[in-house]
Structures are given as structure tokens and as C-alpha cells.
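Shown below, as C-alpha cells, is a lone chain in the form predicted alone; questions about how it binds or moves come after it.
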């Protein structure tokens, strides 16, 4: 049995064409079922639904043989025990710094002031500001990041940005782009040895669908 870990939403939806290229079709709609393990048209392949941030953990510890998750999640988790064969070029977005309208971010950074930054992406934010020589106090949040600058909890946020509409709606502006993000295929290294042929077939089919050799 080959187990693929996916999260609901954009990554799941954008993975379906890649799975189809590998001859795999998921038999249940995750939005219409309470099942967490979904069968496919291939009896030896199943999909498990987990939180996006848990995908690397499931793959690392063998709860899944493969998974698909964003580069941001992988950086925060670390890549220990994981093989990353493909950038799938799906669920694209970016990690950026944003502040409330009217906040002089450039001056704050230039003056060497200590910034308070709210983020779920602590490792990414720490490395980014350290490289700039900016002192920051990092405040870890798990949601509603946009509230932090509006309530005075933080001077800035580091968060995923797709269209930027949520920032605009909350009177925030994007001031620095840290990195572009897309989703990666991750594989358990032990599973790759034990189940080499079926896993290799999936990797190769994904690669061909993406136009990669």
C-alpha cells in the first residue's frame, strides 16, 4: 500500500491533475465526506487528509510514504528524513513582510530599532531579519495575523501572500518580499527503498506531467 498525505483546499485541488497523470483518481470529495482516508481507483494507493503543517511529520515518521506541502512548511519543519524530488509548481504564493498603512518600515529598519514581528513562520522570519542585521522580537501566532499590527501587538507580520486582497482589506501594506513559495513532493527515505518501484512510478509520472525529465 502506498499512502499519500495531502491537505484539503488549494493543494488538494491542484494535485488532482498530477495524480490523474499518474493514473490515480481519488474516489471521494474531501469537502463532502468526513473520511480522513480516501480510496483511489488504484487499490494499492490511498490518500490521507492531514493539516498542511503536519504533512512533513506524517511522511518523516512513516505515517505516509509521500506527501505534498508548501516550501514554507518544509522550511519550518526541517527536512530530516525526507527526500524532495520535485517542485510541483502548484499552490504558488509568497512569504512577505507587511505593516499597517502609515508605518514607516524603512525608517524603523534603517535606524536599527527593535521590531516586534508576528508570524507563524518563525524560522523564515528569524533568518531573513538576521541576514539584514535587524533586531526582532518574534511573536508566534497561528491565525488572524493581520490583527497583530492593528492592535499594537506587533509592528509587522511575516505571512503568506497570494493576491494581497486580505492585506488591503485590513489596511496593511506589503513592504518586503522574502521568498516565493510553491508545493513540493516529499518522500519518506525508508519507503523509497522498500517500495521503490511504485513510488518511483508516481514520481516519474508527476515529473512528466510537469514537463520535467
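Residue numbers count along the first chain shown, from 1. Just so it is clear, the structure is predicted and the values come from calculations on it, not from any experiment.
The same protein also has a form predicted in complex with a small molecule, omitted here; what follows describes it.
Contact with the small molecule in the predicted complex, defined as any heavy atom within 4.5 Å, is confined among 23 to 31, 41 to 49, 56 to 64, 158 to 166 to 158 to 166.
Taking the partner from the other structure, the small molecule in the predicted complex has no heavy atom within 4.5 Å of any heavy atom of residue 115. Interface residue remark: residue 10 is counted as part of the site for the small molecule in the predicted complex, having a heavy atom within 4.5 Å. Taking the partner from elsewhere, residue 132 is found to have every heavy atom lying beyond 4.5 Å of the small molecule in the predicted complex. Proximity of residue 98 to the small molecule in the predicted complex: non-hydrogen atoms within 4.5 Å are absent; the residue sits far from the partner. With the partner omitted here, the residue from 75, 109, 93, 86 that has a non-hydrogen atom within 4.5 angstroms of the small molecule in the predicted complex is 93.
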